[in-house]
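Before any questions on binding or motion, here is one chain by itself as structure tokens, the form predicted alone.
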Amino acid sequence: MAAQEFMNVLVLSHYNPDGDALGASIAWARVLEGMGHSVMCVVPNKFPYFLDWMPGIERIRIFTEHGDEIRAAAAEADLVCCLDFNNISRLEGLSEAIEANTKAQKLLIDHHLDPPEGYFDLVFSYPHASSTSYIVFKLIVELVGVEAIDRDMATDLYVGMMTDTGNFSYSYLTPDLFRVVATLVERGIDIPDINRRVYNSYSEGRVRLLSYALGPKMEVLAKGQAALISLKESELRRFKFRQGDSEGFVNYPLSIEGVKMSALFLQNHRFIRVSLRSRGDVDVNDFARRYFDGGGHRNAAGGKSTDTMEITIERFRAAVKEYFQ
């Protein structure tokens, strides 16, 4: 692959885009544009409101709002860059539009387990990387040098690294990750301001929803080893739910001593989204694949259910009983 062959580029990320998806995509798009390419950044649906301040966020095109424009761009694309996901199904409705409209070569930059064989033409897949933004940083330095990273790009990359590590509290916190963060500080980022914008800009509804989720909606089971939170669509509406309001909810039960696995079941009009988190040797990637047609990382994974909430919860209870027996 010679870079100069690709003049029209799509940069894609996954459904329900998070800080890592957005930060990596915006930074990667800017680098490609600096190399002379025409780039469109696309996500399947709206990103969380508490990330709408990120530098360059205005360049993100949302498929649910700009479907025709994105289909036309896919038809003209020479290269499709897939960031922070490794299975086309993670694009939800956008996947059909991409598959039907482009014959472009595909580049993968990702840190999730088990990319499919033969689908991508070029792969940068590092499951032991803490975030896709970390991988993008390393690629940028190799391609064009650290001087190409200005304060805005550094801010976007830091948001990705910070959010995907739970503010630097999860796995893969390597010495090199903190050396990268030091470099981003040298490029001018304001860490207290970034933390305030991401973690202290929630709506009142989100805070009240969290209280409800951890109160009457949290259940501890398997002799205290697992916990679940379930939120139906009607309950979300009651708290004026906005995209991103449930971000991080699944992590809270893990603060209970003895809880090794936490699950969040979030209902929308099409299916129930399953988020799973764990600590230690509990492998929720395997659990998600086995019971919820999903996957991810060892300690952070997801899936979905097309059953009712009641059936989904019973399936989880049975699975947990089997897993922790």
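Bear in mind that the values here come from a model prediction, so they are computed numbers and not experimental data. Numbering starts at 1 and runs along the sequence shown.
One more form of this protein, predicted in complex with guanosine-5'-monophosphate, exists but is not displayed; see below.
guanosine-5'-monophosphate in the model of the complex: contacting segment from 274-282, 29-37, 48-56, 62-70, heavy atom within 4.5 Å: Contact-bearing stretch, as computed: 274-282.
His297, heavy atom within 4.5 angstroms of guanosine-5'-monophosphate in the model of the complex: Judged by the heavy-atom cut-off of 4.5 Å, His297 is in contact with guanosine-5'-monophosphate in the model of the complex.
Exercise: Val9 in contact with guanosine-5'-monophosphate in the model of the complex, heavy atom 4.5 Å: The answer is no: Val9 has no heavy atom within 4.5 Å of guanosine-5'-monophosphate.
Touches guanosine-5'-monophosphate in the model of the complex: His112 (any heavy atom, 4.5 Å): Within the cut-off, so yes.
Non-hydrogen atom contact Lys106 with guanosine-5'-monophosphate in the model of the complex at 4.5 angstroms: Lys106: no contact with guanosine-5'-monophosphate in the model of the complex.
Residues of stretch 55-92 in contact with guanosine-5'-monophosphate in the model of the complex (4.5 Å, non-hydrogen atom): Heavy-atom contacts within 4.5 Å come from Arg90 alone.
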